[in-house]
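For reference, the chain that follows is the form predicted alone, supplied as structure tokens.
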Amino acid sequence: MKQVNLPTRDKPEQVDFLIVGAGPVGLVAAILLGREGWRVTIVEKWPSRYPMPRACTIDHEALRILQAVGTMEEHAGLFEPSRGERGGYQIRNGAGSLLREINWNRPAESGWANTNGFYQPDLEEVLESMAEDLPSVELRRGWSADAVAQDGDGVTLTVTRTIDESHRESLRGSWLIAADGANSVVRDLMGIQSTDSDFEADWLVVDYVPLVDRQWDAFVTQYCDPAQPATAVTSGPGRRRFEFMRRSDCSVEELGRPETAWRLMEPWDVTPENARLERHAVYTFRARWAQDWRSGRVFLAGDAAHLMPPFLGQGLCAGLRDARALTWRLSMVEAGLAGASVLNSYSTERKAHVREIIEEAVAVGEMVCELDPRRAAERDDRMIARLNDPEAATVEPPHPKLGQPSITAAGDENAGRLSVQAQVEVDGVVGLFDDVIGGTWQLIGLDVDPLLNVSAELQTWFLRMGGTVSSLSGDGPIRDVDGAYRAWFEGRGCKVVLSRPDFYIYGTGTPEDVPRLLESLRAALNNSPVYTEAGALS
């Protein structure tokens, strides 16, 4: 770690949180903290937003996080859902034969379309405006992280002007979140090492605006063609994207030329006459993850913590999960509602969760990137045989359980999995649960009163930390509008669910189990054991 010693007279005023990186992950973290009144300073090295698309797909869970931020109320139109005949994820071979379908149109737990296309510059503009509207949040563009020093009370971040490194300042915060991307400066300053998988491939990413409306078979199609692996994807309202793998007979320089992009898109009848080229760039798709996600008061999030190939569209989604998982912990610790040891489970929960998704994405990548015609033909035969099996015709996208140790109820199979949000009606108002009722910690019962056996003291504790208590039914004061909650509860064999601020299940059961669940949660928040990254007691 690069250390900086500051004279006492130069010690800056301390904010609650420093965030390095003003991409979607850093901005969402800042908004979540700023809306609770915490003082947040965001440092971003670039003087203005990046004007071109990068991530282009986002899932239902990430949209629920954006809903919590306040984005979806006015900006749901930024996202194009995968629905209907044009929806879904298809994998085809070079001849166009279907090899696999992944059901991206399945009903999603979070109340939003399972997968959506979007244009990242528009989302970043909205998030940046929301952050700057919060009086406790300051965004400082054009400043680069240069050094980090820690002590028992906080973190000192030295920054330099991106265009003039001789101009230096020091910032001070109680905690620091590094959301500064795959080439994270903060990660390097902290000396945190990364683990790389063996997967690596150069791909040309081509974003274009169609000038003629066309129908496509699927929301995303992977073409496992050994002659030219490719991907076609819906990338937001009015936009499309192609990705093409670099073959050994094509240099990176040649692949990056605009005429190469047009040549590769021609088989799909995408030409300068019917499309406008917006961006083309060569990227190296790879998979890696940081060995440690925390160093004292410094935490990694987003691409700074993990990097995955884009074949499942989960890179940004994973980063937004990091932001929500980390901010609720930090906010509770700063507010005195939880002990600092709850921060240890951020790494263990998120690392195992994201590793499973990375492994799935790498598996798809290795399948798509096969260039040997013989092995590709054998792969096709195996996949077509499985596709014709009625029990294996359509697979689900990955939705892993949280890693262990975790802040979840022990011995509960449902704990650590994603909870549910659906439409409810209260006093004639119909909407998604988080908008109509809300609550950071949600205790929900189906046809039962969840607090039936809970003491007044325990109820007061739960409500004081932002909990809400709801009893849903088909025709009661809180109405399960379309039966989605009933189906969800019955499918998991429970009558009560206790969900965390990041929408993962703490525990499930019956009304008789609620006192035990709440008492165990209180113990976990205030007396949780301290774990190392390896999971052993420290």
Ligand SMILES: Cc1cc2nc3c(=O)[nH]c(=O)nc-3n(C[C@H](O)[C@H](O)[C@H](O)COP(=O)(O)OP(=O)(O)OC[C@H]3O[C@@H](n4cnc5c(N)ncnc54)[C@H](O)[C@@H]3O)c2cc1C
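Only the largest set of C-alpha atoms that superpose within 1.5 Å between the two forms is called the rigid core. Residue numbers here begin at 1 and follow the sequence given. What you are looking at is a predicted structure, and each value in this text was computed from that prediction instead of being measured.
Keep in mind that the form predicted in complex with the named molecule is missing from the display, and what follows is about it.
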Just one stretch in 251-259, 376-384, 282-290, 74-82 has heavy atoms within 4.5 Å of the named molecule in the predicted complex, so which one is it? 282-290
4.5 Å heavy atom contact, Ala179 and the named molecule in the predicted complex: yes
Just to confirm, Tyr89 within 4.5 Å of the named molecule in the predicted complex by heavy atoms? no
Given that the named molecule is not shown alongside this chain, does Leu518 nevertheless sit within 4.5 Å of it in the predicted complex, heavy atom to heavy atom? no
Heavy atom of Leu18 within 4.5 Å of the named molecule in the predicted complex: no
In the predicted complex, does each residue in the set Lys45, Ala145 and Gly302 place a non-hydrogen atom within 4.5 angstroms of the named molecule? yes
Within 4.5 Å, heavy atoms only, which of Val40, Ile505, Cys56, Val69 is in contact with the named molecule in the predicted complex? Cys56
The unique member of Ala113, Val155, Val205, Val454 whose heavy atoms fall within 4.5 Å of the named molecule in the predicted complex: Val205
Looking in the predicted complex, the residues of 14-34 with a heavy atom no more than 4.5 Å from the named molecule, listed in order, are Val20, Gly21, Ala22, Gly23, Pro24, Val25, Gly26
CA of Val481, rigid core aligned, shift of 2 Å or more between the shown form and the other one: no
Would you tell me if Gly493 moves between the shown form and the other one by 2 Å or more at its C-alpha, with the rigid core held superposed? no
For Pro53, is the C-alpha shift between the shown form and the other one 2 Å or more after core superposition? yes
